[in-house]
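Next up: just one chain, as structure tokens, the form predicted on its own.
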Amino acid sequence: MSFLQLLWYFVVGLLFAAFLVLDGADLGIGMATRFLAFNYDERQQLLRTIGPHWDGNEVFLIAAGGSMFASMPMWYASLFSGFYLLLFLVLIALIFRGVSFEFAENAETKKGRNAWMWTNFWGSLCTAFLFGMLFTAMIQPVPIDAQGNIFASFLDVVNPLSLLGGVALTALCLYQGLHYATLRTSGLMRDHAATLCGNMYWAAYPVEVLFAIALYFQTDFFVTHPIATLFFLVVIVATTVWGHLATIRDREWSAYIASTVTLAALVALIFVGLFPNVLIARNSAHTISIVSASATSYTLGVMTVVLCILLPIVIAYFTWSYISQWHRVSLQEVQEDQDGY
């Protein structure tokens, strides 16, 4: 395995982690509109915290898919064809969630606004749940032929580990969104977000235990990478406790950082557990490795040059975007804008 192949495996994982950390908060805010808010103005207060950023954050998902396509086309082709229906459902959820922001704000009737707000909620919840299923389904042994074609059955996609993965990622995104709400809202919304998050953390511990058990029985992570797997599982539990305690003590930034590290550790667990493979076949002879999935050295070299040029620009832009538009959104601000229409 060359350095460039290893680098781009890391880059793909990093882009997926960036997507989950940034857009995870956006998905959590979308779900929180039904747990925290009780009327349209309160839901708009929550959505305005992510209004300037949610569409930009989804670029990381496109970048992750594009990087996978260019650097490891065999991985991309097998994954996207083998889990086509699951990815199609993700796309539908993303589309409906995306249009719901504008449609809800421009709906002419109360019934129409309510319908599109529900669409935003379900689009956010389904996106998080389906991504959790996808990430945990792709780390299990699946039927792959010699050409790299995946013939996944229903139980290859829907099983205890993938369902727990869906529940776990949905919960982590909700925690991330609630922590983000405590940082970006004021008044009762801020207090309610902290209280709800503190209460919901108790549900995280049994889910994490069940996830670790399912990971042991349905993957080879504990066989191929026992120390790394245990390390990242401990990190996930430890940062969950950290986030829980920080929430109880009203340390908002500390709680947000803790949930961010938890999401990053989950992605690291998946990518380290798969290494040096990208897809594991039930017939080990057909397992797709990083080496066999990678593009040519020339392609990876060109991509690395482009990455070195564009990455600092992207980081600088996102940093400026968040800093320049950072303020706490109040309910009064939303109501004044509504009265102005």
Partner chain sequence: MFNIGMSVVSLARFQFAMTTIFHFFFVPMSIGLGLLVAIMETMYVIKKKPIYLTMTKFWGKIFLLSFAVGVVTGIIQEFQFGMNWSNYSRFMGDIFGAPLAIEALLAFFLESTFLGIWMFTWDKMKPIWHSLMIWLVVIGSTLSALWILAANSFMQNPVGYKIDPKTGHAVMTDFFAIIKNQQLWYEFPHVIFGAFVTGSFIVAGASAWMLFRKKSPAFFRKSMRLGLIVGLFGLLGGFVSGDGQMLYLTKDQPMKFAAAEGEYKNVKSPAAWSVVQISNTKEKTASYRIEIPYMLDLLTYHKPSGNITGMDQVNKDLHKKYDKKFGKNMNYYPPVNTLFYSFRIMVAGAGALGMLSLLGLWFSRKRKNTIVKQKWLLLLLTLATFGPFLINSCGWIVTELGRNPWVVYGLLPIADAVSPSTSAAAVLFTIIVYFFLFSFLGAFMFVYAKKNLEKGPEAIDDTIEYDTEDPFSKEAFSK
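Everything quoted here is computed from the prediction, not taken from an experiment. Positions refer to the first chain, counted from 1.
Note that the form predicted together with its partner chain isn't included here; everything after this is about it.
Out of the listed residues 37, 272, 307, 281, 307 is the one that sits within 4.5 Å of its partner chain in the model of the complex by at least one heavy atom. Taking 231, 216, 242, 76 one by one, only a single residue has any non-hydrogen atom within 4.5 Å of its partner chain in the model of the complex, and it is 76. Proximity of residue 122 to its partner chain in the model of the complex: non-hydrogen atoms within 4.5 Å are absent; the residue sits far from the partner. Residue contact with its partner chain in the model of the complex: residue 87 places a heavy atom within 4.5 Å of it.
Using a 4.5 angstroms threshold between heavy atoms, residue 58 counts as touching its partner chain in the model of the complex. Taking the partner from the other structure, its partner chain in the model of the complex has no heavy atom within 4.5 Å of any heavy atom of residue 250. Heavy atoms within 4.5 Å of its partner chain in the model of the complex are found in one stretch of 99-107, 169-177, 219-227, 254-262, which is 99-107.
The candidate spot formed by 130, 157 and 267 lies out of contact with its partner chain in the model of the complex, as no residue has a heavy atom within 4.5 Å of it.
With contact defined as any non-hydrogen atom lying within 4.5 angstroms of its partner chain in the model of the complex, the contacting residues in 279-308 are 295, 296, 298, 299, 302, 303, 306, 307, given in sequence order.
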